[in-house]
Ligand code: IMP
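As a starting point, one isolated chain is supplied in C-alpha cells, in the form predicted on its own.
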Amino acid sequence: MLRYVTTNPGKVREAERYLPDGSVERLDFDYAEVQADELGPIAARGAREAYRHADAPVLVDDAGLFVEGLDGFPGPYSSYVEDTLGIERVHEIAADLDDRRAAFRCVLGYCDGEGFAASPDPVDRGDRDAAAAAGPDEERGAGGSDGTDPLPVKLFEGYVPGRIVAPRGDGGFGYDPIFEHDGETFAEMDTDRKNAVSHRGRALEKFAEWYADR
C-alpha cells in the first residue's frame, strides 16, 4: 500500500485517477519542510522523513507558482506568500510586469527504502519520466545528519504553463483564481478539467507509469 502524505483528501482522489484501485491511502504526517530554492530537495527530504515514520512506501509532493518576471517568485515559498501577502497582492505585483508568464510546478518524491537507477540530476529537466534526488547536503556521504543511512528518493516533476491575470472564478484554491491556462483560470475550471491539465496530474501520470513496474 502506497501512503500519500497529505492533509488534503482531494490529492488522494486525484492520485487514484492514475493508480490501481485500492493501492493508495492518505497519511496525515507533518514532516519538516526545509528551506530551499528548488522544490526537489524539499520533496526529497520530506519523503525520507515520511518513510522513516511510516516504514512503508510513501509519496510526498511539493508545489509552487513560479512567475517568470519575478525570477520564479514565489516558487517554493508559495504557501507562505499566500498566507502573508495573499493572492490578490501577488496579482497586483505581477500586473506591473511586462512579462506575466507563470507556471505551476509540482514535484513528487517517492521513497520505499530501496534503491533504483537514476539520472544524475535531482529533477530531470530533460522531461524524462523520472530522476533521483541525492537530497540535502547533510544527507550525502556516509549517512544523514541523524546518523541514519541516506535513503534513495525518486522525483517526478509536473509543469503547466500559464500567466497571471486578475482573479476570476469561484472554484479551486490557493492561486487558482489568478492563474490562467489556455484561456481559463484554474478557478474557472471544473474538477475534471483542472485535474486533466494540472501540474500535479502530470507528475502523477509520470509516477504511475514508472510505479507500475516497481
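All residue numbers are counted from 1 along the displayed sequence. Because the structure is predicted, anything quoted here is derived from the model rather than measured.
Here the subject shifts to the form predicted in complex with inosinic acid (IMP), a form of this protein not shown in this document.
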> Is Asp61 one of the residues lying within 4.5 Å of inosinic acid (IMP) in the predicted complex, judged by heavy atom distances?
Replying inline: yes
With heavy atoms only and a cut-off of 4.5 Å, decide whether Tyr51 touches inosinic acid (IMP) in the predicted complex. no
For this session: Using the partner position in the predicted complex, report whether Gly174 sits within 4.5 Å of inosinic acid (IMP), counting heavy atoms only.
Result: yes
Answer yes if any heavy atom of Glu82 is within 4.5 Å of a heavy atom of inosinic acid (IMP) in the predicted complex; otherwise answer no.
yes
Of 61-69, 43-51, 22-30, 151-159, the segment with heavy atoms within 4.5 Å of inosinic acid (IMP) in the predicted complex is residues 61-69
Across 1-25, the residues having a non-hydrogen atom within 4.5 Å of inosinic acid (IMP) in the predicted complex turn out to be Lys11
